[in-house]
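For reference, the chain that follows is the form predicted alone, supplied as structure tokens.
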Amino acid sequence: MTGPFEDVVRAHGGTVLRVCRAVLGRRDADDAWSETFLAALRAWPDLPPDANVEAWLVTVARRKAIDELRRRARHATPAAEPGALRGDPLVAPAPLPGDRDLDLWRAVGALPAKQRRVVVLHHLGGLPYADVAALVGGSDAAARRAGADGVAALRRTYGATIDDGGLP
């Protein structure tokens, strides 16, 4: 591939960060973003000139985020901060992934796998449905249907939470 890699980072950095945040939450998304662009920089010279760079980067970002999730699963994590075990009121609870709109993230996580991937790649990642279809498998129409079904399910479940007063 020709052209400065810096332009690629500028053009697609936001998309890659949104994908990383969707999978990992805010805390570890920056590391996955960096890992994505380090891996992409190494592979950049061998990338075919007709490659869809954004779709390729989203795929790399998703894989790096999944690698991070697997790494977390292999390592022990503390159940609580030491002060929290003693009832110390100054110790804040550990932040959860996404640290905002937790009900929305739970609703996204509860979607079937294909719907969740399409919603993340299209609505958060900004990829067109044709590219989403290439990444998740199936046709453009099937990706559109999965995305529409996923958004409808989110409206039902997340909307019910808002109506119940679950969010401020």
Partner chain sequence: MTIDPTTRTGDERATLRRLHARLVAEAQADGLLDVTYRVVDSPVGRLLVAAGESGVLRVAFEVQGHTAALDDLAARVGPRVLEGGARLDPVLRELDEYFAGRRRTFDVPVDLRLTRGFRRDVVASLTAVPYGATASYRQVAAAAGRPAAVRAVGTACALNPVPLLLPCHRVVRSDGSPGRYAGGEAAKRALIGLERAGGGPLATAPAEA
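In this text the structure is predicted, and so the values were computed from the model without any measurement. Definition used throughout: the rigid core is the maximal C-alpha set that superposes within 1.5 Å between two forms. Positions refer to the first chain, counted from 1.
There is also a form predicted in complex with its partner chain; it is not shown, and the following applies to it.
- This chain appears without its partner; in the predicted complex, the one residue of Ala141, Ala51, Leu69, Leu41 with a heavy atom within 4.5 Å of its partner chain is Leu41.
- Across the proposed site, Trp56, Val60 and Trp105 without exception lack any heavy atom within 4.5 Å of its partner chain in the predicted complex.
- Its partner chain in the predicted complex comes within 4.5 Å of a heavy atom belonging to Val9.
- Using a 4.5 angstroms threshold between heavy atoms, Arg145 stays clear of its partner chain in the predicted complex.
- Ala134 belongs to the set of residues with a heavy atom inside 4.5 Å of its partner chain in the predicted complex.
- In the predicted complex, its partner chain sits within 4.5 Å of a heavy atom of Leu17.
- Within 4.5 angstroms of its partner chain in the predicted complex, the stretch 23 to 37 places a non-hydrogen atom from each of Arg26, Asp30, Asp31, Trp33, Ser34, Phe37, taken in sequence order.
- Relative to the superposed core, Ala141 undergoes a C-alpha shift of no less than 2 Å between this form and the one not shown.
- Compared with the form shown here, the Cα atoms of Val132 and Thr15 sit 3 Å or more closer together in the predicted complex.
- Wider separation of the C-alpha atoms of Val132 and Thr59, by 3 angstroms or more, is seen in the predicted complex than in the present form.
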